[in-house]
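Before any questions on binding or motion, here is one chain by itself as structure tokens, the form predicted on its own.
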């Protein structure tokens, strides 16, 4: 009975992965198709990758997208880490719950609503022209709750006696932050940074509302080109972005595994 359940679980897992990854594999395979369409594979070619790297406008959009992603992830990591430390330091449970509810609300809110809200903000309230800065500010805003959620578990996993010992020894807040808190939550901070980077690279809905003035990101550009017909150049670009995402996921899990080994080692020593 147990073997039968195990076999069913494996078949279910294979089916799920087939459904999830079959379109991506199809897209990658046809990025090397010499036929120029996705109807029939007629031979191997690197022509679409050569066309991709010859497209200066598309490369410029890729660089702009990476710049926005890196800047927004960095700023959101700084603000989100500070926010997580503040939430951790709040002593009143009710107040802490309210803060977490406010943070989680942004996580579950539909992207379309967030995008429309930012469009109203930048159009009618703040004098920020639609373009690079409006996209950057929006990405920072929706990345902050992600970083908070990544950092908070590491703060709660810390041994509180370390903080009390540092306070008893007369350490200032800056010294406690620099020598106790940040080293212990570094894995959570790195995880938050990578998650924010991934969300920023992937975002379409929010960016679609706040982009303008000739500035656009890769997700919006791919959508615009796909509406005119999917070219195999887009397949080549999507393949490269998939590989980049794969690298980020591997980095994320490497950090998680290193953290798990570190915690296991710490418990065994204890």
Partner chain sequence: MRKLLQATGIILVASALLLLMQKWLMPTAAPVAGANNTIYFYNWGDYIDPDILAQFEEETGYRVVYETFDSNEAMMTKVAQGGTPYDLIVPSEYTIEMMRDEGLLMPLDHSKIVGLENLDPRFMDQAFDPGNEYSIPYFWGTLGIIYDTRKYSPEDVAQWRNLWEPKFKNDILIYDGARESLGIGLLANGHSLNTKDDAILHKVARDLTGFMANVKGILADEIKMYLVQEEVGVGITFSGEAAMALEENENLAYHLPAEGSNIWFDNLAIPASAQNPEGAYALINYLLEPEIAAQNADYIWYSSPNQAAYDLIDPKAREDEMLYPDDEEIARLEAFQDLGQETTILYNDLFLELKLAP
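Predicted model only: the values in this text are computed from it and were never measured. Residue numbers count along the first chain shown, from 1. The term rigid core refers to the maximal set of C-alpha atoms that superpose within 1.5 Å between the two forms.
There is another form of this protein, the form predicted in complex with the partner chain, and it is not shown here; the text below is about that form.
With the partner omitted here, the residue from 205, 243, 66, 46 that has a non-hydrogen atom within 4.5 angstroms of the partner chain in the model of the complex is 66. Out of the listed residues 99, 109, 182, 157, 182 is the one that sits within 4.5 Å of the partner chain in the model of the complex by at least one heavy atom. In plain terms, the part of the chain that comes close to the partner chain in the model of the complex, with a heavy atom within 4.5 Å, is 122-130 out of 159-167, 86-94, 122-130, 145-153. In the model of the complex, the partner chain stays beyond 4.5 Å of every heavy atom belonging to residue 140.
For residue 189, a non-hydrogen atom is located within 4.5 Å of the partner chain in the model of the complex, even though that partner is not displayed. A residue is said to contact a partner when one of its heavy atoms sits within 4.5 Å of a partner heavy atom; residue 51 fails this definition for the partner chain in the model of the complex, lying far away. Remark: residue 74 counts among the residues lining the partner chain in the model of the complex, judged by a heavy atom distance of 4.5 Å or less. Relative to the superposed rigid core, residue 26 undergoes a CA displacement of at least 2 Å between the shown form and the other one.
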